[in-house]
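Next comes just one chain, in structure tokens: the form predicted on its own.
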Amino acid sequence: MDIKQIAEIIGAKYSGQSFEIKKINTLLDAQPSEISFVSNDKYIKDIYQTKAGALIVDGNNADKAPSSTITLVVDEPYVAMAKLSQYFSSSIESSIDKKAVIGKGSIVSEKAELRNNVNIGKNCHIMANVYLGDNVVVKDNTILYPGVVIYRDCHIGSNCIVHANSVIGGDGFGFATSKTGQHIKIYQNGNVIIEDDVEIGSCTTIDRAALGSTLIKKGVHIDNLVQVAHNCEVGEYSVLVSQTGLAGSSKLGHHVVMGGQSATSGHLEIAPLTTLAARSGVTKSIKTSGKVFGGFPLMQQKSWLKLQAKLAKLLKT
């Protein structure tokens, strides 16, 4: 899309030369042919390093962009990005009829639906009522149980198991709220990448990224009824127990264990080898590895247990 069209859509003034913008991307990943945005003070530091060809900003940040980056100034950058995201979204299903490629030894149920350009590796088992959207890749020795849904452009690694009725690549819960209270959908234009040796329980949902990829790394085990939101990253060999919930852009290090009904706030990091007891609530990043936490507000598990013991004594008196 031409930069002048973009300016018109979001209500920004632009009188410079025309050039083509190919996609929306994050500040740090954007290239000169791409556009990005700044809507959160947390990411202002990244403006100085961006290579984006254009940037959607408010008046306070207009002078922070590199000289090579065009700034489009609006009152509500997040709302502007939400409006623009629709124009860069892919079609739900392509009209092009490109048959699936199925590797040697793979078994695919006649009741499964494979859309355009699906690629299935060797010795996979795809059961009844599985739906694989456009451009989905499933690598060798992977099992998809009945009712699994994998949306377009998502990648599943080798030796993975996805149990019945799980959904991978659905839209993240993303919207921008304007000053007038209108909720404007942010089209989720990324995907989900699941690496090798991952097992996912029944009725679990892993949302596609708004930009980039939601990433489940090698050897992760996810229980039933778990929610992983858009743009999350789950480190190698982590374990997420039933009813765990990760808010958007949470980043877990390797070998993190989250007990049942534990949860994180968005945009935080959990250090490697952290254990979170059942029903823990993480509201701030955990930077020190190897500790055990519990409770809400979160504290080290030993302290939480002592607190509960003292409260129990108080109730008896």
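Keep in mind the model is a prediction, meaning the values are calculated, not measured. One-based numbering along the sequence shown.
In what follows, reference is made to the form predicted together with another copy of the chain, a form of this protein that is not presented.
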Task: Stretch in contact in the model of the complex with another copy of the chain, which is absent here, among 40 to 48, 54 to 62, 26 to 34, 258 to 266 (heavy atoms within 4.5 Å) - done: 258 to 266
- [ ] Identify, from the list K139, R152, K83, K217, the residue with a heavy atom within 4.5 Å of another copy of the chain in the model of the complex.
- [x] R152
Open item on the list: Considering non-hydrogen atoms and a 4.5 Å limit, does another copy of the chain approach Y131 in the model of the complex?
Closed with: yes
- [ ] Decide whether Y87 counts as a contact residue for another copy of the chain in the model of the complex under a heavy atom distance cut-off of 4.5 Å.
- [x] no
TODO: May I ask you to state whether V101 is within 4.5 Å of another copy of the chain in the model of the complex, using heavy atom distances?
DONE: no
Task: in the model of the complex, L72 touching another copy of the chain (heavy atom, 4.5 Å) - done: no
Task: Site test, I6, A12 and Y78 vs another copy of the chain in the model of the complex, non-hydrogen atom cutoff 4.5 Å - done: no
Open item on the list: Can you list, in sequence order, the residues from 276 to 300 that come within 4.5 Å of another copy of the chain in the model of the complex, counting heavy atoms only?
Closed with: A278, R279, S280, G281, F296, P297, M299
